[in-house]
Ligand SMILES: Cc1cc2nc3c(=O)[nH]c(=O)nc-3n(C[C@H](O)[C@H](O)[C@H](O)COP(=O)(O)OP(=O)(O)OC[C@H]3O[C@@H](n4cnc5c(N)ncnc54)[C@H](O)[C@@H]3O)c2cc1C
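Quick heads-up: it's one chain on its own, the form predicted on its own, in structure tokens.
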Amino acid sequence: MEALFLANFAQEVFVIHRREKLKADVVMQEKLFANEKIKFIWNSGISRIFGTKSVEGIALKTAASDDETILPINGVFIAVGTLPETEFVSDLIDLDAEGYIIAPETKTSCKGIFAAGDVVSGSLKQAIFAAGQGALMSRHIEEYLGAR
């Protein structure tokens, strides 16, 4: 998703992925692969970012060797994935088809369990949004505890 956004502004976007395939949903993968500006570098990770006053490049290491490859670029944006880690609550509360917690106004389907931030279905995946949800959630928790 971030790569598609960046492709609106950059001439070229490199997605460096530590595995040989993506875990993203099929529709998202199709969009990524269809975009001519997005190039994939598989089974690799960034070992160094270098430059003097700005980013001038990165050093890449593959999973198979310690050899470094230098890629001249002028920006680095790090994204850690989009799949929520919610398996541990899947027997307790309702999740959407992608595994995000369904929590209108931070309230889940199980009384006493609240959710906020990127793990919630419909989240904007922005810190300010998560912070606002956290504030609302604390109010709901306070009300829940006071009612007991």
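Rigid core here is just the name for the largest C-alpha set that superposes within 1.5 Å across the two forms. The structure displayed is predicted, hence computed values, not measured ones. Numbering starts at 1 and runs along the sequence shown.
There is another form of the same protein, the form predicted in complex with this ligand; it is not shown, and what comes next is about it.
S.K.: This ligand isn't shown here, but in the predicted complex, which of 38 to 46, 97 to 105, 114 to 122, 53 to 61 has heavy atoms within 4.5 Å of it?
M.R.: Of the options given, it is 114 to 122.
S.K.: Although the partner isn't part of this model, could you tell me whether residue 143 comes within 4.5 Å of this ligand in the predicted complex, counting any heavy atom of the residue?
M.R.: Heavy-atom contact with this ligand at 4.5 Å: absent for residue 143.
S.K.: Within 4.5 Å, heavy atoms only: does residue 130 come near this ligand in the predicted complex?
M.R.: Flag for residue 130 set to yes.
S.K.: Counting only non-hydrogen atoms and a 4.5 angstroms cut-off, does residue 68 reach this ligand in the predicted complex?
M.R.: Residue-level check for residue 68: no, no contact with this ligand.
S.K.: Does the 4.5 Å heavy atom contact test between residue 85 and this ligand in the predicted complex come out positive?
M.R.: Yes - in the predicted complex, heavy atoms of residue 85 and this ligand come within 4.5 Å of each other.
S.K.: Taking the rigid core as the reference frame, tell me whether residue 100 has a CA displacement of 2 angstroms or more between the shown form and the other one.
M.R.: Yes, because once the rigid core is superposed, the C-alpha of residue 100 moves 2 Å or more between the shown form and the other one.
S.K.: After fitting the rigid core, is the C-alpha of residue 58 off by 2 Å or more between the shown form and the other one?
M.R.: No; that C-alpha moves by less than 2 Å between the shown form and the other one.
S.K.: 2 Å or more on the CA of residue 46 between the shown form and the other one, with the rigid core superposed, yes or no?
M.R.: False for residue 46: its C-alpha shift is below 2 Å.
S.K.: If the C-alpha spacing of residue 24 and residue 125 moves by 3 Å or more in the predicted complex, is that a move closer or farther apart?
M.R.: Pair moves closer in the predicted complex.
S.K.: Might you say whether the CA atoms of residue 129 and residue 27 end up closer or farther apart in the predicted complex than in this form? Their distance differs by 3 Å or more.
M.R.: Between the C-alphas of residue 27 and residue 129, the gap narrows in the predicted complex (3 Å or more compared with this form).
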